[in-house]
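A single chain, nothing else alongside it, follows as C-alpha cells in the form predicted alone.
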C-alpha cells in the first residue's frame, strides 16, 4: 500500500514537471521579428522543418505559434527556460526499503521528450547522451542514473569543459568505464591503473583518434597519412590521473556506499591516487600533485586540444541537423565553439565568449545560413536521417499524446528490440560507442556510393524497418491497451475533419510530419489508398477514423518522414 502511494506521488511529480510544449515566437522583451531577415519564419512549412531540427517535433499549435517569429528568438526563449531535472523526483519515489519504481528515469525521460516545456534542452540531452555514453543496460541503479541525466540537463547549454568535469566525477560513468575505485599502480605486484576511462575520454569525449583540421577534415603527415592524436604511452600516463576516485560518504576507499552515496559526485582518496609523474599529450603533471589538481590539469589539457572544437561540433551537428555535414558547415560551427559566441541575423547574441560555450555552438548549428536560404533542400550535406526515437516522439507530439500516460505503456519499458520495438531506446546504447559510429558509411547504398556518412543507417536493416512499422502501427491504430489503465490515445480530431477530402488530409499530414517534404508519388499513393477506403452510410465515424489512421501510418513510413531537412 505504501509503495503504491509512493508510485502515485512519483508520477504526480512527473505530471507537474512536464506539460506544455514548445512553440511561441517572440519573448515579451525579445527583438521584434523582421521579415527581411533570413531567420524570420514566414510559413508553416518553415516552422515545421525548424521544429523538427530543434525539438522532438512540433504540434499544429507549435507550428502556428512560430510563424511570424524569428528562429533566433525561439532559441533565446528555449535557452532561458528552467531545465527538466530527474534526480529529486526519483528520490522522492524511493520506498522504505530503498527501492525505486522500476524504469523510473526512463519513464521520466519519455515524458520529457513528449511533453516537457524545455524541448531544445531535452533534445540536447539526447544528443549529449550519445557522446558521453552510459547505458541502463550496464548500470540500472535508478538514483545514480537520474543524477547523470541531471548532469546532462543542467549543463546542456553550459560549457563543455564544465560538463566534462561533472561527467568525470559521476559515479555511474566511473562504474561504466571501470575507474571507480581505480587504484594506483603497485610495482611490487605488477598492478597497473585501469586505462579504460583514460582511453575513452580521449577517443569518444574530447579529441578523437585522428588529428583534425578546424573543419574536421583529417590532418595528414608528410607522407599523406592521418596522424594519430595519442599513443599507448599517453594512455598509460593519463590512466594514473584517474586513480583514487570512490564514493563520497565513506571513510574507506572500499567502503560499501550508503543509500545516498551512489548519486553524489565521487571524491579522491589520496592514498589510492598515483603520486607518480603523469605525462600525456605533451603535458607533464609533476609527481606528488594531488588527485583533484591532476584531474583539473588533465581536463584543461584535453579541452585545450585543437581537435575538441571540430570533433564535438561535428558530433552535435550529426545529432541535430545533418548526418554527413560538409567541412564548411562544421568549420563555421567549430569556429563558434572556439569563440564562445554567435550573433544571429537579428542581432541576438548567444554565448559567454568562453571557448566551449554550448549555447553558442547550438545556435550556430541551428541558425546556420544554409537552412534559411533554401540551400539545405538541394544539398545532401544538410539532411539528417531521423532516428527511431525521434520518429516515435514526433508522432506522439503531433497528435497530442498525454505524456503522463507513459508509465502505463509497458512497451516503452525497453524499445531496444529491433524486431518488435524501435531498435533504439534513450540511454540504452549497447556500448560506450553509442548506437552507431559517427563515421559509418552504409555499404551498398546510394549514400555510400556518394561517400556520405549516415550513422543512423547502422541500426537500419530489414528486421528493424519491419519492427518500426509494426510498433508504430499499434500506436497509430490505438492498439496499446495496458491492463485497464489509460494508455496513449492519439488525438486525430483535426484530421478527422478532413477525412472526407483525401487531398486535404494528406496536405495536413505532409505539413505536420514532414514540413511539406512529402513527394508527389507518396501523396498520390496515400490518396489512392484513401479513395479505396469508402466512408459507408451507417459507419461514417469508424470509416473516417480508419482513413486517418491509414493515412498517418503511410506518412510515418514515407521516405520524407525518415529524414530531417
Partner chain sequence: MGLLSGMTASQSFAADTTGYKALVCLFLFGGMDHGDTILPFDLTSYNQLNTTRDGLFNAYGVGSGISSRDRANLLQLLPIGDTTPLGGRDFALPRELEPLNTLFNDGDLAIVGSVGPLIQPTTRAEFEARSVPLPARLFSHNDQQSTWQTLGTEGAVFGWGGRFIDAASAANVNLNSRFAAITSGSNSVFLSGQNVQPYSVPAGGPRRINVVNNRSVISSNNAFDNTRSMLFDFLRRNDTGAGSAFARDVAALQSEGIISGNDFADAFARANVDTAFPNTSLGRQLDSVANTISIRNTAQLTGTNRQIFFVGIGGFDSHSNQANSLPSRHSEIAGAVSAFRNSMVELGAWNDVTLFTASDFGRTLNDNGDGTDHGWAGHHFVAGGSVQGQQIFGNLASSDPDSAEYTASRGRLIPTVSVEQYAATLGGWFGLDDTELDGALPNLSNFSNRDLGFMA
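Positions refer to the first chain, counted from 1. What you see is a predicted model, and the numbers here were worked out from it, not measured in a lab.
Another form exists, predicted in complex with the partner chain; not displayed. Remarks below refer to it.
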| query | Does the 4.5 Å heavy atom contact test between residue 35 and the partner chain in the predicted complex come out positive? | reply | no
| field | Any non-hydrogen atom of residue 258 within 4.5 angstroms of the partner chain in the predicted complex | value | no
| message | Whether residue 500 contacts the partner chain in the predicted complex should be assessed with a 4.5 Å heavy atom distance threshold; does it? | response | no
| query | residue 529: heavy atom within 4.5 Å of the partner chain in the predicted complex? | reply | yes
| request: Please name which of the stretches 533 to 541, 51 to 59, 36 to 44, 503 to 511 has residues with heavy atoms lying within 4.5 Å of the partner chain in the predicted complex. | output: 533 to 541
| If you check 200, 357, 405, 387 against the partner chain in the predicted complex, which one has a heavy atom within 4.5 Å? | 200
| query | Just one of 217, 493, 284, 470 has a heavy atom within 4.5 Å of the partner chain in the predicted complex. Which one? | reply | 470
| Relative to the partner chain in the predicted complex, which residues of 297 to 329 have a heavy atom no more than 4.5 Å away? | 323, 324
| field | Distance trend in the predicted complex - C-alpha atoms of residue 245 and residue 136, change of 3 Å or more | value | closer
